[in-house]
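One chain comes next, on its own, written as structure tokens: the form predicted on its own.
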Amino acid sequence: MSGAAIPRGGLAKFRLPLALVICAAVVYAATALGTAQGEQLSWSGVMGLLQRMVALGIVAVGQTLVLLVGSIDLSVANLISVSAVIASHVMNGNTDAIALGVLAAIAIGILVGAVNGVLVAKLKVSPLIATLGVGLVLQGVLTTSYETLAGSVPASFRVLAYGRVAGLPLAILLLIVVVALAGFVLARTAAGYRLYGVGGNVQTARLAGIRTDRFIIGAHIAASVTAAISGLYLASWLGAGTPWVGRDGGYDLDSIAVVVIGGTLLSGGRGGVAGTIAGVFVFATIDAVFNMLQIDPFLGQVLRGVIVVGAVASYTIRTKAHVA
């Protein structure tokens, strides 16, 4: 397909993710040994580090799909809060209502994603403005309807956050499933190749017969569904729906940042979930290292910002050099 940035095969596309993971792992291990906190290198310590990745990792997978089609989603943080609150409110401690609560959260995600997608693809509203506006609407609903914790999730639902299968946290398995599914779609299906085509050159993709609007809407729906799943996980972790969990967690900007760090272009058409998860691992490692060093966590935000700026600058320089 002319003009479409189809992902290349082989191991080349995994070089950046592997480099990020290895560097972050070395820093983590060196900090643990240097601060005499060897327990951080035990099985439970490593699992704790990986579990830090779950909420951000899941929503970042959806954000990857949106960025790949050349769009962006700033509504995910407030949608995470809405999903957590709705699910907790519907369940209200009742085991029999778990399925209904999960379906309600997913349905909200599909609806919000469809609205975002239609605004961007059909009405040609700027993705920044469209998703920011939808996010503000969600925040307004939360502010006016819920001021404190909403409802509670039953103990059986908290297995999602605290349960284990063969010693592996169930939440990590959930993240693996989401990543594997998205990776399979992008690398092994016609839909994935067309999605890259839309992000690489939307006009060329349209001339090639691809219904670009459908892929943009579909990507936004996928992003909102992953945000809803993250909301469900956080409700399970906290035991109740918290109206501020998504906003205070910074999942909107952080999800974009880890995708960019992982090599996905903001302009779309190039990248993938492997790089995104590597970016999530970097952020989780920063948090863990700052905790071990007992450094103000807000400085971690500064370091994250420096990393993102450095990554974008690096990609820009490399792109200009390639064009030249």
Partner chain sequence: RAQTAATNSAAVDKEFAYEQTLMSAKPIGPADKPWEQSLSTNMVDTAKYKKAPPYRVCFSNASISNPWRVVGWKVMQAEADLHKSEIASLSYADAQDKDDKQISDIRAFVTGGKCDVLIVSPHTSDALTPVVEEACKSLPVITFDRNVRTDCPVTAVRTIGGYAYGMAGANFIVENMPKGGKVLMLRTAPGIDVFETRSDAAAKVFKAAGIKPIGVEFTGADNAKTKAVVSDYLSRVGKIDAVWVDFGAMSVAVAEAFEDAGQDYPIITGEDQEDYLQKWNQEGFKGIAPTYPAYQWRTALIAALDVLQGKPVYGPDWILPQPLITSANLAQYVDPKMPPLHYATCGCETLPGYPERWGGKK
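Each form is matched to the other, and the largest set of C-alpha atoms that superpose within 1.5 Å is called the rigid core. Residue numbers count along the first chain shown, from 1. Note that this is a predicted model, so its numbers are computed, not measured.
The same protein also has a form predicted in complex with its partner chain, omitted here; what follows describes it.
A55 versus its partner chain, in the predicted complex: is there a non-hydrogen atom within 4.5 Å?
Contact check for A55: yes, within 4.5 Å of its partner chain in the predicted complex.
Does its partner chain come within 4.5 Å of any heavy atom of G183 in the predicted complex?
Taking the distances in the predicted complex, the answer for G183 is no, it never comes within 4.5 Å of its partner chain.
Would you please decide whether I216 lies within 4.5 angstroms of its partner chain in the predicted complex, comparing each non-hydrogen atom pair?
Close contact is absent here: in the predicted complex, I216 is far from its partner chain, nothing within 4.5 Å, heavy atoms only.
Could you confirm whether T242 comes within 4.5 Å of its partner chain in the predicted complex, counting heavy atoms only?
Close contact exists here: in the predicted complex, T242 approaches its partner chain to within 4.5 Å, heavy atoms only.
Could you tell me which of 174 to 182, 218 to 226, 233 to 241, 98 to 106 sits within 4.5 Å of its partner chain in the predicted complex, going by non-hydrogen atoms?
Looking at the partner contacts, the answer comes out as 233 to 241.
Residue by residue through 272 to 296, tell me which have a non-hydrogen atom within 4.5 angstroms of its partner chain in the predicted complex.
Contacts from 272 to 296: D287, N291, Q294.
On a core-based superposition, does D296 travel 2 Å or more at its Cα between the shown form and the other one?
After core superposition, the C-alpha of D296 moves 2 Å or more between the shown form and the other one.
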